[in-house]
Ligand code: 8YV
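For reference, the chain that follows is the form predicted alone, supplied as C-alpha cells.
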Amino acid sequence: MPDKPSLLIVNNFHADTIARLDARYETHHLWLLSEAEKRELIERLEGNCEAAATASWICDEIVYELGSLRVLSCFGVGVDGIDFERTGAAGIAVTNTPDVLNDAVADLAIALILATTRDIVNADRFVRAGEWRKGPFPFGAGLAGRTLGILGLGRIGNAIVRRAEPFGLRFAYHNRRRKEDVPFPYFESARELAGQSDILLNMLPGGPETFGLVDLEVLDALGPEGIFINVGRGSSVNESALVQALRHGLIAGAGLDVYANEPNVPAELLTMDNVVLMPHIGSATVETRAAMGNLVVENLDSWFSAHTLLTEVTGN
C-alpha cells in the first residue's frame, strides 16, 4: 500500500507476527541496531512514527524517548516489562494480548501438577535406565481430596480450576482483594494460603508489588509434602529460598516454567530430581502464539484506522 504508516519493532518477539507487520507497515527493527544506531533511528523517526510493537515482558527503554509515540502494542499478557510511569506521563497507550493464551497456560499448569505429584519425569528415566527390572518405581501421590492453592486467581487461574475439578481437587486462593463470586476459601496472605494447600500454584504477575513474594516463609508453610508450581512470573519467587526449601526437604518438589532471569536457571535446580523444569512454554503452542500475534496486529490496525484499541491495559 502507498504511504504505509511507520512502525517501530522493539525486539524479536515472534517471527511470524513480525513478518506480518513488515508486510503491513514501514517497519524499523530496533533490536538489530547498535546503541548509537538506535539513538539515530529514534531521532529520525521523531514526528513520523506514533506506534511500536514489543514483547510485553521486556522493552528497550529508548522507545520512551520517541516523543511522537502514542501506542505500544505488546505481544504477551504480563506487562511487567513496560514502564507505565513513563507511558502514562508521555500519553502512550499500551495494549496486551489477554485471554487467547489462557487455555495453553492452563494446560501446562495441569501437566506440571501431574508431572510433579506422580514423578513422571523420573519414572521415564527409571524405565530408560533399565531400573524397572530391578524393582518397582516409588509411589507417587494422588490428587483427589487435596487442596490446590492459587496465588493470583484471574482468567488463567479460573481456566486451571475448570481443568482441575475432574481430578477431585479442592481449591483456595489469595489475591490482593477477595473476589465476591468465588465459592472457595480466600486467605489474606500467601503464607496463610500455603499453610492450607497441598499444591501451591503461582499465577502472580511480575512487578515491584510481587517481587520475591514467594519466600522461605511461604514455602516452609507449604510443608514437607507440598508441591510448588510456577507458571506466573519468575520474579515473584525468591529463587534462593526455593533452592533451600527443595534441598532441605521443606517442600517435596516443584514444577517450574518461569524463572527470575530467563533463560538462566539457577544451577542448583538443574541437579535436583524433585524439580520439573520447563523453558517458559506456557503459551508456546502454534495456535496460541498465532492468536497473540493477531491481537498485536489488530490493535495496531484499529489504532491507525480509527485511533481506537481493542485490548488497552493501564498497568500491572
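In this text the structure is predicted, and so the values were computed from the model without any measurement. Position 1 is the first residue in the sequence shown; the rest follow in order.
If you look for the form predicted in complex with the ligand, you will not find it shown, but the lines that follow are about it.
**Q** Please determine whether residue 171 contacts the ligand in the predicted bound form, using a 4.5 Å cut-off between heavy atoms.
**A** No, residue 171 sits far enough from the ligand in the predicted bound form that none of its heavy atoms falls within 4.5 Å.
**Q** Whether residue 57 contacts the ligand in the predicted bound form should be assessed with a 4.5 Å heavy atom distance threshold; does it?
**A** Flag for residue 57 set to yes.
**Q** Give a yes/no on whether residue 28 approaches the ligand to within 4.5 Å in the predicted bound form, heavy atoms considered.
**A** It does not: once the ligand is placed as it appears in the predicted bound form, residue 28 has no heavy atom within 4.5 Å of it.
**Q** Is the gap between residue 292 and the ligand in the predicted bound form 4.5 Å or less for some heavy atom pair?
**A** Residue-level check for residue 292: yes, a contact with the ligand.
**Q** Which one, 243-251, 61-69, 36-44, 278-286, holds residues whose non-hydrogen atoms are within 4.5 Å of the ligand in the predicted bound form?
**A** It is 278-286 that comes within 4.5 Å of the partner.
**Q** Can you pick out, from 101, 164, 227, 194, the residue that has a heavy atom within 4.5 Å of the ligand in the predicted bound form?
**A** By the 4.5 Å criterion, the partner-contacting residue is 101.
**Q** Just one of 115, 77, 219, 93 has a heavy atom within 4.5 angstroms of the ligand in the predicted bound form, so which one?
**A** Here the answer is residue option 77.
**Q** Could you list the residues in 227-251 that come within 4.5 Å of the ligand in the predicted bound form, counting only heavy atoms and keeping sequence order?
**A** Contacts from 227-251: just 233.
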